[in-house]
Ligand code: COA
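Only one chain is shown below, in structure tokens, and it's the form predicted alone.
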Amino acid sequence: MYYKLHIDKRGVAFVTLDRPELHNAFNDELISDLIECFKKLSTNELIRVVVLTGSGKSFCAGADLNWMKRMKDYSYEENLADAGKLAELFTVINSHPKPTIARVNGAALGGGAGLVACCDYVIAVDTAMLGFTEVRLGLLPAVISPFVIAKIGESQARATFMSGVRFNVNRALMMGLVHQISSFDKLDEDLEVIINEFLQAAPVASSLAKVLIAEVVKKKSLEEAKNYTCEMISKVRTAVEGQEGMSALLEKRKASWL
């Protein structure tokens, strides 16, 4: 396998891309491994939070050159199948029911920056460089574009996709691609604070909050959004977690998931 998985006693899963000698670059095997990993984590009820990071100096430097050499001779049909597999990976992470945190320990380029865009919260080391660099190879950030544009918007996508420019974490923070910057010495300390914030949330409610966001942005009118959100809050208020949370508040005690 091209990744490492560690699950601690809190239900926090640490997924580490493990090809440090190649800056954790993608190939077809890594893509398949990650799809299988995230699918298994999504059905594990003991998992509360998933942290995605890289081993070595980089988070993920995009496509593996050896993989690209093979792709160069692919037919259109083979390219279509290959792209479909990559799209499946981004979809699995983007729609993962558990909170996902990207711990960006170094460079995140091309598809690596796409992984960053798919995560719910992103903390990055202050020396990390990011970029959607595909056009500098005559290619496009096509498969990652729905996830990236949803995160940074059309304006920032135009400014970065069309030039392939690499940018630092300060610009990434301004764009909305990164949520927090840390020094390398404090990265894991700051990560723990973030993890603990997510662990305060009721597990089902946290997952449903992600569904809520995805559904609300798709609604075509305020009336549609109103109907959907009223139904959602009515369901969760009467569900087990909602009842427990409100009881804990009124009884001045900790909720059961804490």
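The numbering used is simple: start at 1 and walk along the sequence shown. Only a predicted model underlies this, so the values are computations on that prediction, with no experimental measurement involved.
Just so you know, the form predicted in complex with ligand COA exists too; it's not on screen, but the next bit is about it.
Novice: Would you confirm whether the three residues 22, 65 and 133 all fall within 4.5 Å of ligand COA in the model of the complex, going by non-hydrogen atoms?
Specialist: Every listed residue reaches ligand COA in the model of the complex, so yes.
Novice: With ligand COA left out here, work out from 97 to 105, 82 to 90, 135 to 143, 114 to 122 which stretch has heavy atoms within 4.5 Å of it in the model of the complex.
Specialist: Answer to the contact question: 135 to 143.
Novice: Considering 37, 61, 30, 51, which brings a non-hydrogen atom within 4.5 Å of ligand COA in the model of the complex?
Specialist: Result of the distance check: 61.
Novice: Considering ligand COA in the model of the complex, which of 175, 187, 109, 128 comes within 4.5 Å of it through any heavy atom?
Specialist: Filtering the options by heavy-atom distance leaves 109.
Novice: Though only this chain appears here, would residue 171 touch ligand COA in the model of the complex if you measure heavy atom gaps against 4.5 Å?
Specialist: Residue 171 lies outside the contact set for ligand COA.
Novice: Check residue 179 for me: does it contact ligand COA in the model of the complex (non-hydrogen atoms, 4.5 angstroms)?
Specialist: Although ligand COA is absent here, residue 179 would stay clear of it in the model of the complex, with no heavy atoms inside 4.5 Å.
Novice: Is residue 219 near ligand COA? Define near as a heavy atom within 4.5 Å, in the model of the complex.
Specialist: Result no; residue 219 lies far from ligand COA in the model of the complex.
Novice: Could you confirm whether residue 57 comes within 4.5 Å of ligand COA in the model of the complex, counting heavy atoms only?
Specialist: Contact check for residue 57: yes, within 4.5 Å of ligand COA in the model of the complex.
Novice: Enumerate the residues of 158 to 181 that have a non-hydrogen atom within 4.5 Å of ligand COA in the model of the complex, in sequence order, or give none.
Specialist: Residue within 4.5 Å: 166 only.
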